[in-house]
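Only one chain comes next, encoded as structure tokens, the form predicted alone.
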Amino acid sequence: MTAGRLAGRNALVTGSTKGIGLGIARAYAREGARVIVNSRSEEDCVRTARELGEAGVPIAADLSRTDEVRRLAREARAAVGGRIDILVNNAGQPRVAPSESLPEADYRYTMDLNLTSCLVMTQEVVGDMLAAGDGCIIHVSSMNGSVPFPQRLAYCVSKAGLNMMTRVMAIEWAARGVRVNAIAPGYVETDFIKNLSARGVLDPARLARRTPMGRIGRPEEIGEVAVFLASSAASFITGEILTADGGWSAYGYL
């Protein structure tokens, strides 16, 4: 790996104090980018920004609310004194329930956080990218954007929508210098997954057996994918959903 692939770039990574988002933030900082760190918790943002050193800039915001999305975009541009070069729309979470009893409020919350916030945030920063003729947008989707799981209706629908949002944005802005891609992770060893395993909701050994690589992923591995997509090595790639799931979705056996 060559250091400094993102040197001089300003990156905004939503939901970047834990899990996949943190893995991406760490990778970007290592590669020379200045990283806007975000979560709902001011304390978590400050802690993560300190870990990243001079590269980290903390801005807390609840991205399930459109006004907060717009505030984050506004404050991020002000913090870096210019435009955002790389936007990673990572914030999101599932609501697990049988489809017949999924509360409408949970469905709407999932859509607001996982899908609508990505649209609004992208609209807030892409103008500067288009004006400059350069920019990179990465949506963090999921293998559940194409592989349905039971009791994940809202999550699966939101990620399927995010995949299509990626492609539409990509073809609209390709000739104007802005690339739009998505990463679709499988199961990754995050605190969220660890907590579900501890509660007996998930069986990590079973997940590993189901994955052709024999293990689940690590946040830093998704970080490397995000570095690649944001770097000049991916300069001719747009409109792609890059799946990083250890072979899960390629393997039809359940």
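For clarity, a rigid core is taken as the largest C-alpha set superposing within 1.5 Å between two forms. Everything numeric in this text was worked out from a predicted model, so none of it was measured. Start at 1 with the first residue shown and count on from there.
Omitted here: the form predicted together with nicotinamide-adenine-dinucleotide. The next part is about that form.
Figure note: of the listed segments 225-233, 28-36, 49-57, 62-70, the one touching nicotinamide-adenine-dinucleotide in the model of the complex, with heavy atoms no more than 4.5 Å away, is 62-70.
For the options Ala170, Leu113, Val125, Val157, the one in contact with nicotinamide-adenine-dinucleotide in the model of the complex, meaning a heavy atom within 4.5 Å, is Leu113. When nicotinamide-adenine-dinucleotide is considered in the model of the complex, Gln151 lies well away from it, no heavy atom lying within 4.5 Å. Gly92 belongs to the set of residues with a heavy atom inside 4.5 Å of nicotinamide-adenine-dinucleotide in the model of the complex.
nicotinamide-adenine-dinucleotide in the model of the complex comes within 4.5 Å of no heavy atom belonging to Gly246. At the 4.5 Å threshold, heavy atoms of Ser141 reach nicotinamide-adenine-dinucleotide in the model of the complex. Heavy atoms closer than or equal to 4.5 Å to nicotinamide-adenine-dinucleotide in the model of the complex belong, across 213-239, to no residue whatsoever. Once you line up the core between this form and the one not shown, the Cα of Thr66 stays within less than 2 Å of where it was.
A movement of the C-alpha atom of Ser41 falling short of 2 angstroms is seen between this form and the one not shown when the two forms are aligned on their rigid core. With the core superposed, Met213 shows a C-alpha displacement below 2 Å between this form and the one not shown.
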